[in-house]
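Take a look at this one chain, the form predicted on its own, written out in structure tokens.
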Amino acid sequence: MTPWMSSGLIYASGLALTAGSVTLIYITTRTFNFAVASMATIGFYVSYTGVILYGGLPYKYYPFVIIIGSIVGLICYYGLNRHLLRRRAAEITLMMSTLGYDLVLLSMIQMYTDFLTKTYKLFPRRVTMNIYDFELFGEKAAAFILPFIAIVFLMGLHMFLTKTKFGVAMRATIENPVLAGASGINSDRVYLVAWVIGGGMAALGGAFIAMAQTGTPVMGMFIIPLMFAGAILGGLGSLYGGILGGFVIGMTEYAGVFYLAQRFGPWVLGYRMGIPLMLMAITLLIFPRGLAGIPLVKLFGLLAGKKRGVNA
């Protein structure tokens, strides 16, 4: 496995989860969640704190990452999103409220890193998490473990949405909130669960991404364009498309910059973010609905939804 492929799989797995988080919250609550940036960063710092203070591999702290991320999502819903949805706020208002929440979270992250620095004499502002990993088949184990964890997590989410009564109710609310409410479905509970799951996905994705690149307090701010690019590339109306879009964006970024740097020199590295964004633009010119508009992906979404007309 080449170095770019190893890091690319780790990075793409994390980006798939964060893009899926963006899509899930948008299709349920009409909210573009800009707080996903700090949610991802929080996930990284939860795993870092566990490793540096209590020892062991980063993977053992991922359940705590999901729990903390879910709590952060829950606070955002109860503190902001719920009240705005009840007042039928415009999408731009919903979006800007999450941007404000993101700035609050960013400030808390900065204070937390200062706390780690002064109290434990650590250097938490530039962290290379993969030094805490071990080798497997001559590669960093994360290249095998993280894609597997991501697949298991997404399979669990798929089973929840398609096999449980509440999951079916959640999909119905996504498709038609008014009709779902008239049928006795508690929309407020559906929105809450979406934020809880979305927060957990974003935090776990951030913990993954920190295994492929340097973790910093502003890590999420630098990659949030790619999170949204993945969601848009996949098609904002499809959860599965958003997850696939995030994975494609991540792998394209690593593969593209590796190929171009070999061909034209290392100066290309400064423009690495432009590569997946160009892919997104070209794809949308051909398929305006994103990857969800491609027949095979669309068919999978319909099968997952059990019947035509229910967005996955």
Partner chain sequence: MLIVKNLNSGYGKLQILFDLNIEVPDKGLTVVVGPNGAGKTTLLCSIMGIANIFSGEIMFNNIPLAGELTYNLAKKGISYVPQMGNVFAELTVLDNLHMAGYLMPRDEAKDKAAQMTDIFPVLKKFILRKAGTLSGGERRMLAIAMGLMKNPKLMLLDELSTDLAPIIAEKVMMEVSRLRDELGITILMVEQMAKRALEIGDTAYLLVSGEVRYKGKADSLLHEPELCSMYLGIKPPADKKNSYALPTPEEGSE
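Here the structure is a predicted model, which means the values were calculated and not measured. Numbering follows the first chain given and starts at 1.
Keep in mind that the form predicted in complex with the partner chain is not shown, yet the notes after this line are about it.
J.: Ok, Tyr132, Tyr112, Phe166, Phe144: which has a heavy atom sitting within 4.5 Å of the partner chain in the predicted bound form?
T.: Here the answer is residue option Phe166.
J.: Exactly one of Asn176, Thr128, Thr93, Ser107 has a non-hydrogen atom within 4.5 Å of the partner chain in the predicted bound form; which residue is it?
T.: The option sitting close enough to the partner is Asn176.
J.: Which among 227 to 235, 134 to 142, 185 to 193, 72 to 80 is in contact with the partner chain in the predicted bound form, heavy atoms within 4.5 angstroms?
T.: Heavy-atom contact with the partner occurs in 185 to 193.
J.: Taking 4.5 angstroms as the cut-off for heavy atoms, does Met221 touch the partner chain in the predicted bound form?
T.: No - in the predicted bound form, heavy atoms of Met221 and the partner chain never come within 4.5 Å of each other.
J.: If we define contact as a non-hydrogen atom of the residue within 4.5 angstroms of the partner, is Lys118 a contact of the partner chain in the predicted bound form?
T.: No, no contact at 4.5 Å.
J.: Check whether Leu103 has any heavy atom within 4.5 Å of a heavy atom of the partner chain in the predicted bound form, and answer yes or no.
T.: Because no heavy atom of Leu103 falls inside 4.5 Å of the partner chain in the predicted bound form, the answer is no.
J.: I'd like to know whether Leu84 contacts the partner chain in the predicted bound form, with contact meaning heavy atoms within 4.5 angstroms.
T.: No, Leu84 stays farther than 4.5 Å from the partner chain in the predicted bound form.
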